[in-house]
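What follows is a pair of forms of the same protein chain, given separately as C-alpha cells and numbered structure 1 and structure 2.
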Structure 1
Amino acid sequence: MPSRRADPVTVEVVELIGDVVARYHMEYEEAAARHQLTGAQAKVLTLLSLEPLPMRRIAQKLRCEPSNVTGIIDRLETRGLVERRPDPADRRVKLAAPTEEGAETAERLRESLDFAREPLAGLTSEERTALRDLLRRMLG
C-alpha cells in the first residue's frame, strides 16, 4: 500500500506525466482522424503493418476481449484497409493483414504522428539522451 505522502518533486513529475499523456492522446486521435480512423482502428492498423496477426493476438496487444477485435477488423476490412487470411498451420485461426492501401495508410499515419518529435527538438542532444535514460529507469 504505497500511500505514503510523496515529496513535492514526485508530485510535480506525476502531474507533468499526466500532461504528457493528455497531449499524446489528443495528438494521436487527431492524427487518426486525419485518416478517417478511430484511435483503436489506427492502433490495430499500425500493429498489423509490422506483421499480420491472429485475432487472438490482436486482443492481447490491445488488452481487450477477442470479441471486440471482430468488430474493429470488420470496419477496417469494410474500408479495404485490412483482410482476413487463413492460417495454413491452424484452420481455426484467421490472420489479419493490411492490404496495400492499408499499408500505405499506416505509413502516412506514422509520418503524421509527430508527437514529441517537435517538442523534443527544443532539447539539446544531451538532454534528449538524459531524458531517455531517466524514462528507461523509470519504466524498469
Structure 2
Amino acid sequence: MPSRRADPVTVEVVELIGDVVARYHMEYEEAAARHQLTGAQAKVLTLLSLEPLPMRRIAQKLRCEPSNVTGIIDRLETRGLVERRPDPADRRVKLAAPTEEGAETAERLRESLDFAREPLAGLTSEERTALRDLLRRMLG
C-alpha cells in the first residue's frame, strides 16, 4: 500500500504557495483600502475593467452568490465607479461596467500591487513562462 504522507518537497511547495497567496491577499486588501474599497469591491472593479459582465458571471468568477454581487455593485454604483447597462446581445440582461472613474481607479489599484510584480521581475522571461505553465497545469 502506498504511503499517504507527502514527500518533503511537496510539503514545502504547498507551504510556499500558501505563503504567496496569503501575502498577495494581504497586499490586495491594503491596496483596496488605500482606494477606500473592500477587497471584494476591488476584485469586482478589476474584473469589470477587463470587460462589462452580467451579475451572474461576476458571481461565478468570484465563486459567490449573485445576491452578494448585487450588494457590491450597488455600493460601487453609489460611489460612481460602476454603472448598470443593458446587454446589447440580450436587453433583458443587465451588465455591470466601470465608469471612467471606475476604470481609472482599477488601473491605479493594479499599478499599486507590487508584491506579485517585484518577485516576478527577478525571474527571466523563460522562468516566468515555466511558472505560468506549471500553475496552469496544476489548475487543470
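Superpose the two forms; the largest set of C-alphas matching within 1.5 Å is the rigid core. The structure presented is a predicted model; accordingly, all values stated were derived computationally and were not measured. Residue 1 is the first residue of structure 1, and the numbers go on in sequence order from there.
Asker: Here are two forms of the same chain; which is the form predicted on its own?
Answerer: Pick structure 2; the other is not the form predicted on its own.
Asker: For residue 130, what C-alpha shift in Å results between structure 1 and structure 2 following superposition on the rigid core?
Answerer: With the cores aligned, its C-alpha sits 4.9 Å away.
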